[in-house]
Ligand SMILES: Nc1ncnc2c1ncn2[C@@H]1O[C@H](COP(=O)(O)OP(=O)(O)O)[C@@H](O)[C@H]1O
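Only one chain comes next, encoded as C-alpha cells, the form predicted on its own.
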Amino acid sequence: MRLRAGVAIDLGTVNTLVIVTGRGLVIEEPSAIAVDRATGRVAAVGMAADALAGKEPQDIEIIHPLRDGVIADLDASAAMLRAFLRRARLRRGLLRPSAVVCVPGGATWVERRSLIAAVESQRPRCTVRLIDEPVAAAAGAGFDLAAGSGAFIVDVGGGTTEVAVLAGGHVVRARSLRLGGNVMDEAIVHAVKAEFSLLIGRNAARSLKMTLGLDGGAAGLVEAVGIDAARRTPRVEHVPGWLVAAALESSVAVIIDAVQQMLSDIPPNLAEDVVRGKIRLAGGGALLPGLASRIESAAGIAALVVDDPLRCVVRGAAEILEHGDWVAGTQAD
C-alpha cells in the first residue's frame, strides 16, 4: 500500500487528462458538463456531454467551464472534476493524497485560487500544488530539469499558447497568449461563412484545420457539411486549403512573434541549451500541419513536435508529482 496516493491533472480548455500514481492515464475526456435545466443535476460529463454541444437539446445545458485554460465557472468545474475523479477512483493512503495541477503561466492569483478551490472540494481531500504548464511540458518532453538544463517550450493548447524558456524547473522568460486551437477554429468558421455563406460547427472547423493546416494538405480540398446561411438548409461544400491557411495566419503570426521576442531576450548562458535542445512543441496545436516548420524557419533554430504532444503536459505533471521536489509551485494554504 502506498503511503500517499497522488494525482496529476491537466485541466484544459478542451480536454481534461488525469494520471493516478501507479495506474497511469485514467481520464482523457473533453472538459464539458451537461446539466439538466429543470433539476440542475449533472446529466453527463466529458465525452457524453461534449457530443451534445452545438446541437441545442431543449432540456439540457452544455457548459464548457474553462476559458483560456482557467476556470470560468467554478461550480461547473468542481462538478466536472468530482465526476472525473470519481471515475478515477482516487483512494486515500495513510497520508493525504497529493495533487499536481497544471496552470497557464499567465493565470492570475484569483484564477489560481479558483483552481485550488475546485480540486480541494473533492473527496478525498488533496494537498494541491499548481505547476506552470511550460514546466510540466518540459518535464513531459524529457528535459532533465533537475540538472538545471535549459529548455524552450511552445505549448499550444485549446485556450492558451505558452511560450517559455526554462532553466531547470524554473521559468526564465515566458509569455502566455490567450489564443490557441479554439481561436483558430473560430477563425475558420468565420472564413467559411464569409466565402461560402455556409455555417459550420466547431468540429467541422477543427477537422479542416488538422487536415489542411498551413500548407493546404495533400488533397487541397476538404468536404465540409454545414447550414446554408440564406436557405437555412444543410449543404455540402469543398473548402480549399488556401482559405484555411489564410484564416489561421493571424494566430500563427502572433505565436511566431512571441517565439522571436523570446529568443531575442534569452540570457547568453542559456543560448547553447536552447539551440542544442531545439524548440519543442507540445499540446494539441503542435499537431497543426506546417506549424513546426514555420516556427523553425522564423526562429532559425530546429523545432520539433514532442512525442505524444496531447499528453505531454499531464505526463510531465506526473513526473513532477513523483520526483519533482526541485520544481517551484503554488501550494494550497
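Here the rigid core means the biggest group of C-alpha atoms that line up within 1.5 Å when the two forms are laid on top of each other. When you see a residue number, it is the position in the sequence shown, counting from 1. Keep in mind that this is a model prediction, so the values were computed, not measured.
FYI, the form predicted in complex with the named molecule isn't displayed, but the following is about it.
The listed set G169, G150, P97, G159 contains one residue whose heavy atoms approach the named molecule in the predicted complex to within 4.5 Å, identified as G159.
The contact residue chosen from L52, L287, V42, A299 relative to the named molecule in the predicted complex is L287, the criterion being a non-hydrogen atom within 4.5 angstroms.
Checking 205-213, 79-87, 106-114, 222-230 against the named molecule in the predicted complex, the stretch whose residues place heavy atoms within 4.5 Å of it is 205-213.
For the three marked residues, T21, I131 and G316, no heavy atom of any sits within 4.5 Å of the named molecule in the predicted complex. Taking the partner from the other structure, the named molecule in the predicted complex has no heavy atom within 4.5 Å of any heavy atom of L321. At the 4.5 Å threshold, heavy atoms of S176 stay clear of the named molecule in the predicted complex, well away from it. When the named molecule is considered in the predicted complex, S251 lies well away from it, no heavy atom lying within 4.5 Å.
Contact check for N182: a heavy atom falls within 4.5 Å of the named molecule in the predicted complex. Residues of 9-42 that come within 4.5 Å of the named molecule in the predicted complex, judged by any heavy atom, are G12, T13, V14, N15 in sequence order.
When two forms of a protein are overlaid on their rigid core, residues whose CA moves 2 Å or more are considered shifted, and G285 is not one of them between the shown form and the other one. Once the cores line up, the CA of V70 ends up 2 angstroms or more apart between the shown form and the other one.
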